[in-house]
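Form predicted alone, single chain, as structure tokens, below.
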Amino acid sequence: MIERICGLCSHSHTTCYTQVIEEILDVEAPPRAEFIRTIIAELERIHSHSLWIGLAAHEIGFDTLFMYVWRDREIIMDLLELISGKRIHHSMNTIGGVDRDIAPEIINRTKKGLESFKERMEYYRKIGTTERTVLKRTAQIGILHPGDAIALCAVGPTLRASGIKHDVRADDPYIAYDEIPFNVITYDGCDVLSRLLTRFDEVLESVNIIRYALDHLPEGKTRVKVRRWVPEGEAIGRVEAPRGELIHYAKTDGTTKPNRYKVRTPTLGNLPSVCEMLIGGYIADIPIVLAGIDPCFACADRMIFIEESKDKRWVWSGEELRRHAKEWHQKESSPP
């Protein structure tokens, strides 16, 4: 269920989830599993950023670039399928490690695929910095100054494109990021062009991270056994999903199901900044400015339940709804 919060960030969500539960269980995944988690995380980042670059080109009417980027994105999709057996929901993470290992022949094929993809992405980056169509529609569009980015709690490439060097992978390393050298990409243009360039460079940086992880993949097992019953406790996990900082919170009560689970997705953090970016802009720029944060509205969905009667109106939170549902179930299942 956690994996299906988002298609593009499915591995990010399960990584955050497994970290939270492993902390409560007081277990650590083996080093090899941590490196494999990192490899999948960076392949997912490349996949997400590539998809966004294509969509950004589409929003400004550059459909040729859109189709070319999505064609080459299939290289990454094939690599994810090669490693995990699946293109979208990879199902690699499990509490205590990963579900599949990476064989030597897969390592060689992955490196070749990355080399081909990097060459194409460097070409597209050149287009993004020289093509007049792109520059006219992205430079000085959707301005988000550093102070506003911080005040409005922007995250991920949206924040880093405003010159703020914040990345959970570097600031609070998890899985294998404390063992792999990499650069945190920032630009200070504070516009859509800077968000485009940030993602271009992050894709190239992700290629380097994956290469390093494959070359230094530790030997050993890929998972440890854990008990089914999770002890009472609570924990918070953070990861740098492709769109930015992702937060999971879990509270357990000693059973096989969490007592409470909350998720704060990057899109929810970035939406307030869009209001600032649109001030003083043109209506024609709204699509690319909104697309600039790479929104996932499914991730940002929240529900509230309202019940109305003739005299009263109730607004139920999720917790209240569960309590009422439990009371109703007990009433219906009790003997006459």
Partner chain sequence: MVKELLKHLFKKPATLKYPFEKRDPTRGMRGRPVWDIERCVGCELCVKDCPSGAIEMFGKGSKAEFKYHLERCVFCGWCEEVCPTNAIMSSEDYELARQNMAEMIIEFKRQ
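Residue numbers count along the first chain shown, from 1. Every value quoted in this text rests on a predicted model; they were computed, and no experiment measured them.
The same protein has a further form, the form predicted in complex with the partner chain, not shown here; the description that follows concerns it.
From the list R238, K251, K111, R100, which entry has a heavy atom within 4.5 Å of the partner chain in the predicted bound form?
Exactly one residue meets the criterion: R100.
Quick one: from P104, G85, P231, P181, grab the residue that has a heavy atom within 4.5 Å of the partner chain in the predicted bound form.
Residue within 4.5 Å of the partner: G85.
Looking at 123 to 131, 213 to 221, 164 to 172, 241 to 249, which stretch has residues with any non-hydrogen atom within 4.5 Å of the partner chain in the predicted bound form?
Residues of 123 to 131 come within 4.5 Å of the partner.
Can H90 be called a contact residue for the partner chain in the predicted bound form at 4.5 Å between heavy atoms?
Because a heavy atom of H90 falls inside 4.5 Å of the partner chain in the predicted bound form, the answer is yes.
Report whether the minimum heavy atom distance between E205 and the partner chain in the predicted bound form is within 4.5 Å.
E205: no contact with the partner chain in the predicted bound form.
I'd like to know if F62 sits close to the partner chain in the predicted bound form, meaning any non-hydrogen atom pair within 4.5 angstroms.
Although the partner chain is absent here, F62 would touch it in the predicted bound form, with heavy atoms inside 4.5 Å.
Is it the case that H145, even though its partner is missing from this view, gets within 4.5 Å of the partner chain in the predicted bound form, heavy atoms only?
No, H145 sits far enough from the partner chain in the predicted bound form that none of its heavy atoms falls within 4.5 Å.
Can you work out whether the partner chain is within 4.5 angstroms of a heavy atom in all three of Y68, D78 and E81 in the predicted bound form?
Yes, all three are in contact.
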